[in-house]
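Next comes just one chain, in structure tokens: the form predicted alone.
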């Protein structure tokens, strides 16, 4: 006998229909695994390091443990750390600035000048650095930037009498390595913002007589502001704490807060001081973002 849609008793399973789960239960089932993993892998280690920053020694050793605020006075007791922190912030600013300029125009070229398989291929090439080891990428730059390296060879092949332009073990070399490492983040965030812009807006502005620089400054940049802001946050925060690029490409001048903090954990085994310096820099970064939060909100709303 065919089922009658009007007869609901024919559609029920034996024993009656199941009662659907409440909305909060299904939401919790989806969120608990994610936030559980974040708690185990991120929040608990951070809380542990935060607790260590108020101790004189870690509980793993035999040294007596005393609760103290001394670790957070490091910038007062050791004034040279202020200069190191300032150089780290400057390095983060210049790296973010160059990534924003290069990343925006690279994303604009992808959106406006390519399509189809060509665009997909170029996007894969943008992501290609993520598929290689970061240490290999940094050491590759030493072969390019050193005196007598690939950069010198390329210039001397065109201008044999030119002097060496190698600038390895300088802050400029560190910025070059950081820009190369973090540029894909900016390209991707700007690409996502630019690809959603309707072409008819640009065509309408062009038909009304707007020049290309007017379209760039009045339309494309404001509408791509969310991508620029997101990319800047993704780049600035890890750059000021980076230690691999400054140590390899900077040499003696590559002392940053990242290298100082790494030394406290790996060389001096002073985990409380390393944790205190980390959370102090985190507070500085949060203060910077809080100061410019109005600008960030306005840029995201455009």
Partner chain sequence: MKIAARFYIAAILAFLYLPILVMMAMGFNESPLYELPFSFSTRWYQALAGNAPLVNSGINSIWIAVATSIIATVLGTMASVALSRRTFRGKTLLQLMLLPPIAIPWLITGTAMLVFFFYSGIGRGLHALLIGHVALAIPYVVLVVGTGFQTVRADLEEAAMSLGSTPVHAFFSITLPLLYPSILGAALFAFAVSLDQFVISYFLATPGFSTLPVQIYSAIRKGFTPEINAISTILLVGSMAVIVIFALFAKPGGVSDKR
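Numbering follows the first chain given and starts at 1. Bear in mind the structure is a predicted one, so any value in this text is a computation, not a measurement.
Keep in mind that the form predicted in complex with the partner chain is missing from the display, and what follows is about it.
By the 4.5 Å heavy atom rule, the three marked residues 142, 180 and 187 all count as contacting the partner chain in the predicted bound form.
You can rule out all but one of 203 to 211, 89 to 97, 222 to 230, 144 to 152: in the predicted bound form, only 144 to 152 has residues with a heavy atom within 4.5 Å of the partner chain.
Proximity of residue 114 to the partner chain in the predicted bound form falls within the 4.5 Å heavy atom cutoff. Among heavy atoms of residue 76, none comes within 4.5 Å of the partner chain in the predicted bound form. A residue is said to contact a partner when one of its heavy atoms sits within 4.5 Å of a partner heavy atom; residue 288 fails this definition for the partner chain in the predicted bound form, lying far away.
In the predicted bound form, residue 132 approaches the partner chain with a heavy atom inside 4.5 Å. Shown here without the partner chain, the chain has 237, 241, 243, 244, 247, 248, 258, 261, 262, 265, 266 in 232 to 267 lying with a heavy atom within 4.5 Å of that partner in the predicted bound form.
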